[in-house]
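The data below hold one chain only, encoded as structure tokens and taken in the form predicted on its own.
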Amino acid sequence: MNQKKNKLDKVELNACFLNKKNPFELFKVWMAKAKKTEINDPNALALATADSKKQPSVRMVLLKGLTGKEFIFYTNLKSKKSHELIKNPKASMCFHWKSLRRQVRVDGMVKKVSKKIADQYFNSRPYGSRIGAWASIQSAPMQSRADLLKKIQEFKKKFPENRKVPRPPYWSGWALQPKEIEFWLDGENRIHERLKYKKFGSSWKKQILYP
């Protein structure tokens, strides 16, 4: 069964080598398949940033927006990752779908999304998540969890569930505009298949890489 699946995967990937000129088209195909096989959060990705001293750090975030030009995620602008992105807007993403034995790496530059887009996404979040965005001073030291729970109750009184919860001014989204996107497919004996797209101006060029 696994051998048959691997052969089908290779046929699919090789077809994409020939047919997909834009990496976003291939990414959407892979994401759609991951949504059918991953148990939790197929949109999870490892986000790598670096501070002004070139010290890298990585953490898991969720992809919440995808256009034909950028990958979007949301966070507190006072968080460690946001501070690093403000000083150094270069970032890298890695999606890993264990059930499919596939991964996608994305390198590029980030910029903040518009207030309109941030508002639209914030308003689509569950009530508890919107309150949490107000209550949490992300990445800041906390005396005890009781302090956070107290702040949550305070903001629930300030913004009742039946009323609109405005987006905090320190909460927004980042859009990564890629310069390179690499697709990786597991192969037998570690003879993996790799396809790399690199952007030149407004067009993409692709090449097959050694494992």
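Position 1 is the first residue in the sequence shown; the rest follow in order. Only a predicted model underlies this, so the values are computations on that prediction, with no experimental measurement involved.
Note that the form predicted in complex with a small molecule isn't included here; everything after this is about it.
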Only hit among 44, 142, 66, 29 for heavy atom within 4.5 Å of the small molecule in the predicted complex is 44
Among 136, 92, 103, 79, just one has a heavy atom within 4.5 Å of the small molecule in the predicted complex, namely 79
In contact with the small molecule in the predicted complex (heavy atoms, 4.5 Å), from 145-153, 159-167, 31-39, 58-66, is stretch 58-66
Check your understanding: Just to confirm, residue 122 within 4.5 Å of the small molecule in the predicted complex by heavy atoms?
Key -> no
So in the predicted complex, is the small molecule close enough to residue 74 to count as touching (4.5 Å, heavy atoms)? yes
